[in-house]
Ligand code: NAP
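Heads up, the chain below is alone and in the form predicted on its own; it's given as C-alpha cells.
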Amino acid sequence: MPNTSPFSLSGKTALVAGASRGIGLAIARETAAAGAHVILAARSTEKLQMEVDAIKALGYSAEAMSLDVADNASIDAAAAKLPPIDILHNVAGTNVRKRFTDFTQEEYDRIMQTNLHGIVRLTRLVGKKMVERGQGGKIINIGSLMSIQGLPYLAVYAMTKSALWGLTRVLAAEWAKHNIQVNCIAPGFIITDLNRKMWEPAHMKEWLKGAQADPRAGTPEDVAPLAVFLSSPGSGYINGQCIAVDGGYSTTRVWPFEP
C-alpha cells in the first residue's frame, strides 16, 4: 500500500540553507528521515559531505551544495543548479551581541546580508520556481524569539529576524493561492555554536530557571520536528504563523509562591 501518512515527505525534495551545523543540520537529518531527498547547503562543503555521507549510511537520500547566503553570486549560482524544490528551510544566520551604539558598519552589513538580504534573494529565486511549477510547496523561515520579543544587545539580529517574520506573513498571503504555505519558527534559548559560550556561566542557567516554565535550555533537536511537520502535508492549513519553540519563555513565567 502507498504511504498515506500526513507526515511523510516521501517524493519531496527539500533545500536546507545553512545545514552544516546546529538547527540547520538537525532539520536536514529529520527531513531526510521523513522521506525527503535533502540538499544540505552551506559554505563548508567538506563538512557538509561528511554529514551527507552519514545520512546516506542510514538509508536516507541527501546531497551537498555550496551556498553562501552572504554572497549574491553564490546564491544565484546555487539557485540555477537546483532541481525542483518542494520544501525550503531558511536557517542560515549569524549574530553579534553588543550595545547598539557599538555596532560597526561592517557588522551591521554582514548580519543584514547573512540573516536577511541573502535569505530574501534565495526565497525569491526558489519561490518563483515553486509558483511557476504549480505543485505547491512549503517555506519555513527560522526566526527567533527576537522576531516577537526584545532582549538587550541584539539590535541588528532582532531587526533581521523581525523582518523574516514580516516576510513570512506577506508571502503566506501572496502565495497561498498557489498552495504554498509559508511559516516561521521562533526558537528560544537553543544551545548552538553561536551562543554556547554565552550559556557557560552558572548565573545564566540560574536565570533561565526563573524565566520560563521549562528550566532547561533547548537543543537543535527540539526545533527540527516542528520544521518537519511544517514541511508535511499534515500542515496544509497552517499558514502565515510564527510558532515559538522556547520552553514557554514567550508565554510563561514561574515564581516562588507555593499554595
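Predicted model only: the values in this text are computed from it and were never measured. Numbering starts at 1 and runs along the sequence shown.
One more form of this protein, predicted in complex with the ligand, exists but is not displayed; see below.
Is there a non-hydrogen atom of Ser20 within 4.5 angstroms of a non-hydrogen atom of the ligand in the predicted bound form? Yes, contact at 4.5 Å.
Hey, in the predicted bound form, does Glu30 get a heavy atom within 4.5 angstroms of the ligand?
-> Contact with the ligand, no.
May I ask you to state whether Gly188 is within 4.5 Å of the ligand in the predicted bound form, using heavy atom distances? The answer is yes: Gly188 has a heavy atom within 4.5 Å of the ligand.
*Heavy atom to heavy atom, is Lys138 within 4.5 Å of the ligand in the predicted bound form?*
Although the ligand is absent here, Lys138 would stay clear of it in the predicted bound form, with no heavy atoms inside 4.5 Å.
Looking at 91 to 99, 148 to 156, 174 to 182, 78 to 86, which one sits within 4.5 Å of the ligand in the predicted bound form if you count heavy atoms only? Going by heavy atoms within 4.5 Å, the stretch is 91 to 99.
Heavy atom within 4.5 Å of the ligand in the predicted bound form - the one residue of Ile39, Val69, Ala227, Ala36 that qualifies: So the residue touching the ligand in the predicted bound form, by this definition, is Val69.
Original post:
Of Ala211, Met204, Ala54, Leu194, which residue is found within 4.5 angstroms of the ligand in the predicted bound form when only non-hydrogen atoms are counted?
Top reply: Looking at the other structure, the residue within range turns out to be Leu194.
TODO: Residue by residue through 132 to 163, tell me which have a non-hydrogen atom within 4.5 angstroms of the ligand in the predicted bound form.
DONE: Sequence-ordered list: Ile142, Gly143, Ser144, Tyr157, Lys161.
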